[in-house]
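For reference, the chain that follows is the form predicted alone, supplied as structure tokens.
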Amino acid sequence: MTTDLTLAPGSTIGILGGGQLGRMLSLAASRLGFDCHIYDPSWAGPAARVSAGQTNSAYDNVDAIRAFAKHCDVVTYEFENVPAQSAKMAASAAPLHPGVRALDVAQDRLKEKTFIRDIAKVPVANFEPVNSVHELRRAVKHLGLPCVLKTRRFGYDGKGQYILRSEDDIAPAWAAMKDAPAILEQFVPFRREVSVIAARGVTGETAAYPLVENVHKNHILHTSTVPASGDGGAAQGLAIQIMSALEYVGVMATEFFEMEDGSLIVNEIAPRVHNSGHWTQDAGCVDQFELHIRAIAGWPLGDVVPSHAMLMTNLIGDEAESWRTLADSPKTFIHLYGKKESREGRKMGHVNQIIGPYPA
């Protein structure tokens, strides 16, 4: 049954951001008969080259944002650092999913941790806001060592973070923050890192993929393996609990630390499709990009139970140059992002490998 919230094929989906996630969202949307319009300060980025249209302007150009949104039936975003004012302007001209509240929460680590703990009622590591070296010293005494100092905004892939192991680390840690507002988090002695990719639709229906086990190298996601060992039901439930508290629409990733006793602590959320969900593209189910498009378009969410056990490996920098060898590997699917320049630490693509049948 359709509702007035359902977009028909032929509708236009606007995407704020033109990187690889926008590219894969656009490709998924095209399979469902939608056109995508990309808004990106960079001309002819990875997403724009596979989309029906693009607007090339700065994120602080609110007139351009509004004009872009007026030509879209719904607007979404591929990364969480879209300026809040830009998102609000887009939302004034077209439905925006996920909404501005999700961006506001996810863009500030203090707001994010506070929301997850106090509103969603989901466990996080103990934390303290820090705005000066004096506040940092006081917070270290309260939380104890070791602990982790992070910028409140704009940190990713390990950037904007400093581990404090002794009081001698306090001064250099604060110097590394360059007086930016920060948050100090209690160090969590976790056993492994896991994540849940889940979606919530416009009428509140939800779907969650199985638990994912993640391994990082140099603070960048290296591999994601599905299924992760153990029962993922608890993690799926907590992820959906956070999404419901946000009144979220779309796909969201929730990253967890799993403790030795099996308990879970949320590390962070990402209000978008996520690197640890790329394996879904070749797992024999609706992939995370199509799932996001279905959710924001008001469609049924579809089947998220995989047919295959999967291993996703990121291709960082010149690792993408091995595409010939990878192309000759059995049960291996290559996804290259079409980026014109390879740099150290830059995500250039990923490969998905079928490693067996998904357990019944």
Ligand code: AMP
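One-based numbering along the sequence shown. This one's a predicted model, so the numbers in the text were calculated from it and none came from an experiment.
One more form of this protein, predicted in complex with the named molecule, exists but is not displayed; see below.
Taking H216, R117, R191, R138 one by one, only a single residue has any non-hydrogen atom within 4.5 Å of the named molecule in the predicted complex, and it is H216. Out of the listed residues N267, Q281, Q236, T225, N267 is the one that sits within 4.5 Å of the named molecule in the predicted complex by at least one heavy atom. Three-residue candidate spot R109, Q161 and F257; every residue lies within 4.5 angstroms of the named molecule in the predicted complex by at least one non-hydrogen atom. Note on the interface: of 228-236, 72-80, 205-213, 178-186, the segment with non-hydrogen atoms within 4.5 angstroms of the named molecule in the predicted complex is 178-186. Though the partner is left out of this view, V148 does reach within 4.5 Å of the named molecule in the predicted complex, counting heavy atoms only.
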